[in-house]
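Given as structure tokens, the chain that follows is alone and in the form predicted on its own.
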């Protein structure tokens, strides 16, 4: 049963209409795209700093060999063949050029990207220099198949196993809130950067890989805005503790702008506090 169902999901082809995106070419949009790729979308964490991919992104005998694709326009990279529609499906739907679900991608969070921000990402990716790195094909082990079933139990924002299974591929994508120090823009950033680890209510969890409670029901209820920003920028909490660098991507998030962090802070202040026993 597990093999049959997982095989069905692996072979399933998604028919997703092409989004009508206008790809910008101006410097401001390219800079926005780079910021989204490197800081908010966290692409280098899987695909490498140069985005030339990682052949051994996940290489566990029982789970399988799941590489991270070369995103550049070299003939060994997907950038040499991906159309705008291909990029949009991969980024926001977790679906590859062949129409099948991608494994180990962040589309559970990136589905919330606005059309303008997806277009800016694609614009930036199209400017990457070609990088020659051969990426082997994906090979799944026996334990990968139960994980596919487990992914159905995860909230869609937290699903980085096979997010295409849970994403509403017919959902509309309203314009993003205008960047600024607002609750609305803070919510947009939180959906893209925080919920995957801290959960949809931002209350976190106690399992490995789950983030701390970042609502006002946790330690942040005693922090000031300045202390929150300082913690993200420096990796040190007001209590003098270090953020958990094993799971907390502080090296990336410290490059969020101060305005972005202030917007996130405003959103955190606006939501109900969560109190959980740890």
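Positions refer to the first chain, counted from 1. Please read all numbers here as calculations on a predicted model, not as lab measurements.
The following text describes the form predicted together with a small molecule, which does not appear among the structures shown.
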query	finding
The small molecule in the model of the complex: contacted by all of 120, 176 and 272, heavy atom 4.5 Å	no
Contact test in the model of the complex: residue 16 vs the small molecule, heavy atoms, 4.5 Å	no
Partner proximity in the model of the complex: residue 64 to the small molecule, non-hydrogen atom cutoff 4.5 Å	no
Proximity of residue 197 to the small molecule in the model of the complex, heavy atoms at 4.5 Å	yes
Residue contact check: residue 237 to the small molecule in the model of the complex, 4.5 Å heavy atom	yes
Listed range touching the small molecule, judged in the model of the complex by heavy atoms within 4.5 Å, from 177-185, 163-171, 71-79, 144-152	71-79
Listed residue that, although the small molecule is not shown, lies within 4.5 Å of it in the model of the complex (heavy atoms), from 242, 59, 50, 224	242
